[in-house]
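To begin, one chain is listed below as structure tokens, in the form predicted on its own.
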């Protein structure tokens, strides 16, 4: 397939920050667009992000070479983009620009073939799932925001509810929304007024707590009050790189060692058996911390994100070193559809569970839901069931109903 044109526009993410929309036009006249999210808490090995004006200039320089090519599929286009960029972190074209082109091209292929986007991606990268019944993913929903995502006193960045696929997907989302509202009422009583409740970047409630453990206790009480059986469990994303300070961690105003932080997490797990997943519990360079925690937990997910940045090589390395047993997949961390799919395939090879994730600065683009369906992801991480995040929840319902 030959391409005629690419147009990059400045748009704004859910935080009101600039990001980009990329629209691609094929020689056949078919066109499609992709809106790229942006993250506030970023791993140091993530693909570079160009500002909108920089992305416009980069695409203008790319177009002459692009128009000469005829691409057989998504991977062929992505190889061309990677070659044209030629940098270790995609700093020439920008991972955000490249992902926009890659996703928009995949949408053109899907429209041309009269199929769903997930089917196009699955056919090229995950053919082993073509004839298998889709695995409905667990939903990781961030209901209490802290860290870089909120203006409060929580060091831990996300307190999540995990919804098990035990009911039809629309019922699961309905129960999650009910839990979100129930939690809001509980927190409103604590602060004295619903009007005093604030929310963070991902729609989760944002207020000050007595300790980093208290949100887990309150979430646990909220899930039990709904009497939903084993439908709900809990998870945290510590984003520990944000509170790491040169060989020690600053938690609740105190400097503590790696070993002390391990014991904090083990205490959380002991006091809240429903806590099943800990994401980025240590700094992205603190491999010993990850290894120690994984070795001392059974039946729990120790999840890499800043540690792995959707990079197939890093995922392989972390799996071989036995640092994690699950991994976050964020396409804009790596910059192309094919590399994100390769990251999922490497994770599956090493028996790591994959959780396809949004970013804190979101758009209404629902590509990640199609990626999760294509690659039979274990989970999807979306945020709170409110406002701009609902487009992804609704697409989840559509694809899995």
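Residue numbers count along the first chain shown, from 1. The model shown is predicted, which means the values in this text are computed figures rather than measured ones.
The form predicted together with a small molecule exists for this protein as well; it is not shown, and the discussion that follows is about that form.
- Figure note: of the listed segments 84-92, 126-134, 156-164, 308-316, the one touching the small molecule in the model of the complex, with heavy atoms no more than 4.5 Å away, is 156-164.
- The contact residue chosen from 51, 345, 353, 42 relative to the small molecule in the model of the complex is 42, the criterion being a non-hydrogen atom within 4.5 angstroms.
- Proximity of residue 370 to the small molecule in the model of the complex: non-hydrogen atoms within 4.5 Å are absent; the residue sits far from the partner.
- Among residues of the shown chain, residue 360 is one whose heavy atoms approach the small molecule to within 4.5 Å in the model of the complex.
- Mapping the unseen interface onto this chain, residue 107 falls outside it, with no heavy atom inside 4.5 Å of the small molecule in the model of the complex.
- At the 4.5 Å threshold, heavy atoms of residue 330 reach the small molecule in the model of the complex.
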